[in-house]
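Below sits a lone chain in structure tokens, taken as the form predicted on its own.
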Amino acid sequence: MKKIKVTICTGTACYVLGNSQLLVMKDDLKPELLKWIDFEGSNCLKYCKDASFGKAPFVLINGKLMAQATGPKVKDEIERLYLDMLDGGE
């Protein structure tokens, strides 16, 4: 199985609007998930410069943009992708 890649924007707007909490969210995930996830921070994903992408904070999960990212939204998407991987979907 391929790992799930989570890129958390740490630019000023995203960091202040909640991504600072996402940087430690792996503490809230099930241990069996952690070995299948690569977390990384990015100084700025630059999506906040164009309103058509939505509102900060931004996270990329396997290259798919998530606007207005929250811990529960990111966790739900990670768990969904993990279950898809177990079912052979990804």
Partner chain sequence: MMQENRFIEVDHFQIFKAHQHVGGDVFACEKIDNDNRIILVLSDGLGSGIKASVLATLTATMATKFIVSYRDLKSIARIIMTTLPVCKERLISYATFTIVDIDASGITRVIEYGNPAFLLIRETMALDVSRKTEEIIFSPEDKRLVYYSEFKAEFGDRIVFCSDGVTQAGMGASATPLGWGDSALANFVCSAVKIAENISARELARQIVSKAHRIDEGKAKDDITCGVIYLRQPRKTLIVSGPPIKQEKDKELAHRLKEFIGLKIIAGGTTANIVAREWEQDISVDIAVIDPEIPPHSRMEGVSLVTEGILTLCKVSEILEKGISLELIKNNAARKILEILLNSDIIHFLVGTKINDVHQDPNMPVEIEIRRTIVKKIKQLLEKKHLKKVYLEYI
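Positions refer to the first chain, counted from 1. Everything numeric in this text was worked out from a predicted model, so none of it was measured.
Just so it is clear, the following notes concern the form predicted in complex with the partner chain, a form of the same protein that is not shown.
Chemist: Counting any non-hydrogen atom inside 4.5 Å, which residue from Lys35, Lys49, Lys30, Lys64 sits next to the partner chain in the predicted bound form?
Modeler: The option sitting close enough to the partner is Lys49.
Chemist: Contact between Ser20 and the partner chain in the predicted bound form at 4.5 Å, heavy atoms?
Modeler: Ser20 belongs to the contact set for the partner chain.
Chemist: For Thr70, is any heavy atom within 4.5 Å of the partner chain in the predicted bound form, or not?
Modeler: Judged by the heavy-atom cut-off of 4.5 Å, Thr70 is well away from the partner chain in the predicted bound form.
Chemist: In the predicted bound form, is there a heavy atom of the partner chain that lies within 4.5 Å of any heavy atom of Phe39, even though the partner is absent here?
Modeler: Contact check for Phe39: yes, within 4.5 Å of the partner chain in the predicted bound form.
Chemist: Taking the partner chain as it sits in the predicted bound form, is Tyr82 in contact with it (heavy atom to heavy atom, 4.5 Å or less)?
Modeler: Heavy-atom contact with the partner chain at 4.5 Å: absent for Tyr82.
Chemist: Need the contact residues for 65-86: heavy atom within 4.5 Å of the partner chain in the predicted bound form, sequence order, or none if there are none.
Modeler: Read in sequence order, no residue approaches the partner chain (within 4.5 Å, in the predicted bound form).
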